[in-house]
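A single chain, nothing else alongside it, follows as structure tokens in the form predicted on its own.
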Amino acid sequence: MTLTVNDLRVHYRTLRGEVRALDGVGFDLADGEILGLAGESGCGKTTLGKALIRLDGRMRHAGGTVTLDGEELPLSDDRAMNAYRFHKISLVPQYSMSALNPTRRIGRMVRELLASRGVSVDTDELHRRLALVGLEPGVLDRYPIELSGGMKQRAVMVISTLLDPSVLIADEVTSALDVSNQQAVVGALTGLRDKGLVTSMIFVTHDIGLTSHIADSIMVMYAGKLAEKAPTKILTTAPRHPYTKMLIGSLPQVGARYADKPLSGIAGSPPSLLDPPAGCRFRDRCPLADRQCAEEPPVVEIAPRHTVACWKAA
């Protein structure tokens, strides 16, 4: 396994108390696998991505372990994590188009990043990687404002993968793009994996429809916990968790007549993670909830590679 996450708990420090953004999440990521990470806003997707690379100073590692290529990551030690960032695990951040320094040319940013990691620039290799994502070498002489949104997104992808990380976390990399640019970015991501420039990938998104076109498996999160994880085809065609079913049922379908089958949303809202309720965190919104759901459901493997945290799914 490339990555093993076991009972990971991460809290955010706030003036009102600690927010339990991740509360006992565990999963495996295999070599060559692209894992789609889906769920509503606030479910913990971005927090999970950030926690694996330790980029947010408000975070507190409250427990659990993360093992990458057989080596446990020092998540509690920000300085010690520098040896792993970009080398072993890398991140294409949410709104990465705004992450580029507007006062620096792209080429200068690349040189400065590599110098900070003790690595010099291989110009031929850099040009080859730009070509893989459909960019000309001339972008290195441009400022970010001179590039389109899709070009900036792909430039960040190249920068984030220059050191061939074992795991790449792509956080909402298509959310601000039009459909044609989404396709270009998704194609570039899969190309990075297929060319062996990254070993495995976590694709963070709220869009299960888009995720199904790139991911080998999908993990759905809800209120800081894992709800369901399965191979993509199984999860999208035969989900077992009520939340996954409702999430997929709320997606529009091409060619569907909604006069006959109107879209249905999910009533209510997720619970506060300052003081999360006992038991299943989805029970206040779940049409199947009963008294048993007042107890927290265990994560159970109901079929090979298919795990669910729900009393009604067994």
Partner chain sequence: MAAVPALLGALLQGDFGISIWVFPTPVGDVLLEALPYTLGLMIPSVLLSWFAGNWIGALSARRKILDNTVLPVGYLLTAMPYMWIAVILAWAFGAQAGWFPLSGGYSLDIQPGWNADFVLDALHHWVLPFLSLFLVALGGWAIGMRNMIIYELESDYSAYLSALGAPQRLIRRYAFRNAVLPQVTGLALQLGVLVAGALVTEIVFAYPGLGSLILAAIQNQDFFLLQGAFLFIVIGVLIANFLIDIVYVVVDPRTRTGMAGGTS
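Residue numbers count along the first chain shown, from 1. Treat the numbers as computed from the prediction; the structure is a model and nothing was measured.
Although not depicted, the form predicted together with the partner chain is the subject of the following passage.
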(message) Considering non-hydrogen atoms and a 4.5 Å limit, which listed residue (Cys43, Leu273, Leu68, Ile53) is close to the partner chain in the model of the complex?
(response) Ile53
(message) Please identify the residue among Ser76, Ser180, Ser120, Ser98 with any heavy atom within 4.5 Å of the partner chain in the model of the complex.
(response) Ser98
(request) Considering only heavy atoms, tell me if Arg104 and the partner chain come within 4.5 Å of each other in the model of the complex. (result) yes
(request) Please run the contact check for Ala223 against the partner chain in the model of the complex: heavy atoms, 4.5 angstroms, yes or no? (result) no
(request) Flag Ile214 as yes or no: does it have a non-hydrogen atom within 4.5 angstroms of any non-hydrogen atom of the partner chain in the model of the complex? (result) no
(message) Can you tell me whether Ile145 touches the partner chain? I mean in the model of the complex, with a 4.5 angstroms heavy atom cut-off.
(response) yes
(request) Tell me the stretch among 181-189, 194-202, 132-140, 86-94 that has any heavy atom within 4.5 angstroms of the partner chain in the model of the complex. (result) 86-94
(request) Kindly confirm or deny that Asn82, Val156 and Ile159 each have some heavy atom within 4.5 angstroms of the partner chain in the model of the complex. (result) yes
